[in-house]
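Just the one chain here, the form predicted on its own, laid out as structure tokens.
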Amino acid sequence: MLRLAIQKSGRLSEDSLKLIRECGISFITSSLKLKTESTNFPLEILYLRDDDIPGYVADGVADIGIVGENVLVEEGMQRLAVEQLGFSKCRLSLAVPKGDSYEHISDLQGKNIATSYPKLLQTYLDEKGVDANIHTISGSVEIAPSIGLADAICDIVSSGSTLISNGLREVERVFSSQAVLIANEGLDAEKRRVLDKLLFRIHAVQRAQKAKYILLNAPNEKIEEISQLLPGAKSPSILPLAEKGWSSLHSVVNEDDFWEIIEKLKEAGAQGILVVPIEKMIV
């Protein structure tokens, strides 16, 4: 049985549970429970505070965990990282009151900055050659300037709406973060085997999220030209249609290239183009 620690509430928790379910792993959640066990995979889920997850994994209380990269680096435990997961993306940013003048990071020289991430902030300031006074607080960082505690803040930003509602504006990006999978360094062979199975499923889900399945009809004389436009895992599948001189082509394209490819396919004579989301993709 592999023990997975995730954040007990919030966006990271929701995204983590969504990923586990997309991996075909079933479990029952309850706001009253601090742990749950999968019914079809050797996995137990522990619901913890995000700041505690790296320590629990390092100590072996949990075998693996999903945590924000910002928390992992702040705790100095980057060695535990196994995989970047691509969701719950955010940034650690410096912000100042919107009415204050600000042109350069040097404007914070000698100023007071409130944050919950003093190590990440200190590293950034050192790199920029700025000597500021860091005040570490555990919550409600965004109100620090309005109550006279600090001249600026350094906090996690997703959409930026919280900053705006508190009369602040983002001026510097300190650190870019996303969810990462971490693991205890001393996993035994059996737990490592289960982790490998979980990673196999995660990779299949991640590949599917970045790809689209395309089906189209094309005149046979255009097949070679259209095939060159379909960068699938291998060559596209080609099936004859009932109407003579026409075939159906099936392939997979990267979502980033999707619209550009669609336009080129139409120009090359493709018709009846269907685009289908992919649930899992195994290569």
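The first residue of the shown sequence is 1; numbering continues from there. Because the structure is a prediction, the values reported are computed rather than measured.
Just so you know, the form predicted in complex with a small molecule exists too; it's not on screen, but the next bit is about it.
Checked against the small molecule in the predicted bound form, the candidates Ser38, Asn70, Ser227, Ser247 yield a single residue with a heavy atom inside 4.5 Å, and that residue is Asn70. Screening Ile105, Cys90, Met77, Leu120 for any heavy atom within 4.5 Å of the small molecule in the predicted bound form leaves a single hit, Cys90. Remark: of stretches 166-174, 152-160, 191-199, 95-103, the one touching the small molecule in the predicted bound form is 152-160 (heavy atom within 4.5 Å). Shown here without its partner, the chain carries Gln7, Arg11 and Asp51, all of which come within 4.5 Å of the small molecule in the predicted bound form through at least one heavy atom.
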